[in-house]
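Given as structure tokens, the chain that follows is alone and in the form predicted on its own.
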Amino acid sequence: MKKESPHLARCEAPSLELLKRGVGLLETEAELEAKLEKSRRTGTPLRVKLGIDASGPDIHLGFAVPLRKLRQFQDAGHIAVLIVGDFTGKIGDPSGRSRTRPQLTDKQVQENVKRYRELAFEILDPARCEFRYNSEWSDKLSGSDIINIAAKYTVARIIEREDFKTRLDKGIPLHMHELLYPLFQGYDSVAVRADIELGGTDQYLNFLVGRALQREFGQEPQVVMTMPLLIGLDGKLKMSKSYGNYVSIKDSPEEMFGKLMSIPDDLITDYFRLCTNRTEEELKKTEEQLSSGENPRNIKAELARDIVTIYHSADDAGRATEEFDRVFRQKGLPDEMPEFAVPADGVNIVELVAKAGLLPSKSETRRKLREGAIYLDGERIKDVEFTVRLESESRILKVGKRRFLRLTKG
């Protein structure tokens, strides 16, 4: 029987201040207050839109940020409208991109969406959620319809975007279908009559297109609420599976805890604010602890326990804490680890790591070897030509800080 997510426990309706907490750009606060007041007065729930990028099948903590905000609106009595970009996904969102994104096939989109739907309902309440595909309306648009939509927005406003200007200035190709992307995404808001749109700060200009098109089609423009992009484990780039700096909401408690303990200290407050249920008063206390010189490691452990509790349970968080302390503070080994049978004549270290799935590629394995991040029985291995042989019943291979492999005789 599936364990109920802590997110699905009904909570007290959020206040306006809670709905605004953690929001980056709000267009506009006065309109948000007016829409909320009208909803209370009429008893009609607001329709809060969130677009889902169908380019990947996983949900990490970064994408969970707007999902958690959407859940707050659900708890306030409103309707979550998730828009799966199965039509726009075949174009590829050009936002922030220095080159044209590959277009997805229908099969790729459907496979990714199936997993997304399962994971989204780990956070959202299915009873107050519409799950829509923008092909429902976009596939039906005729040539005349597309011309009519395009006539409601100017080329000047499209190409004033920084990412488009940069590509034009550098002579990097900018294709016509990419110019149409913001219009199709904006038309989604018209099609579902969105009252509010949520998303990352990188989507702000696309959301403004939605506001403009709603006005042109005689609708009240949506309120735009953007959430800051969560910086990944590397402390440099936004969290993304393609960058390898992410924490999946389905990572095991131990893996999730260990990854979170690796974030740079200067990200602790941001992670507390965007990924946990801490109040503003609690966040201020955390900031005071950090500024007063308390060991950031202890505060980071609190953060990791909070997040593991949200996506697993308090008991899981406790066990993950004990495991981390034993393995990394006491230099012990995990109670459980995967095994790999080594042939009698041995195996190349790069081949071994790749076959065992400890790293995503052989090139990444070679890089980790050069960095000195791979150990065999506690001895650092840096030679990419090294052959692993078993002279005893078993040996322990360690990759980075968190990955262990027990080697046995094949």
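Note that residue numbering follows the sequence shown and begins at 1. Rigid core here is just the name for the largest C-alpha set that superposes within 1.5 Å across the two forms. Computed from a prediction, not measured in an experiment: that's the story for all the values here.
This protein has a second form, the form predicted in complex with the RNA, left out of what is shown; the following refers to that one.
S.K.: Choose from 338-346, 27-35, 41-49, 372-380 the stretch whose residues reach within 4.5 Å of the RNA in the predicted bound form, heavy atoms counted.
M.R.: Single hit among the candidates: 372-380.
S.K.: Note which of Asn295, Ser240, Thr154, Thr166 lies within 4.5 Å of the RNA in the predicted bound form, where distance is taken over heavy atoms; exactly one does.
M.R.: The residue in contact is Asn295.
S.K.: Which one, Arg132, Arg161, Lys300, Arg128, lies within 4.5 Å of the RNA in the predicted bound form by heavy atoms?
M.R.: The option sitting close enough to the partner is Lys300.
S.K.: Although the RNA is absent from this view, report whether Arg402 comes within 4.5 Å of it in the predicted bound form, heavy atoms only.
M.R.: Arg402: contacts the RNA in the predicted bound form.
S.K.: Would Gly258 show up as a contact with the RNA in the predicted bound form if we use heavy atoms at 4.5 Å?
M.R.: Contact check for Gly258: yes, within 4.5 Å of the RNA in the predicted bound form.
S.K.: Although the RNA is absent from this view, report whether Ile263 comes within 4.5 Å of it in the predicted bound form, heavy atoms only.
M.R.: The answer is yes: Ile263 has a heavy atom within 4.5 Å of the RNA.
S.K.: Does the RNA get within 4.5 angstroms of any non-hydrogen atom of His60 in the predicted bound form?
M.R.: Although the RNA is absent here, His60 would stay clear of it in the predicted bound form, with no heavy atoms inside 4.5 Å.
S.K.: Can you list, in sequence order, the residues from 361-377 that come within 4.5 Å of the RNA in the predicted bound form, counting heavy atoms only?
M.R.: Residues within 4.5 Å: Ser361, Lys362, Ser363, Glu364, Arg366, Arg367, Lys368, Glu371, Gly372, Ala373, Tyr375.
S.K.: Any CA movement of 2 Å or more for Leu141 between this form and the one not shown, core superposed?
M.R.: No, because once the rigid core is superposed, the C-alpha of Leu141 moves less than 2 Å between this form and the one not shown.
S.K.: With the core lined up, does the C-alpha of Ile172 move 2 Å or more between this form and the one not shown?
M.R.: Moves: yes, 2 Å or greater.
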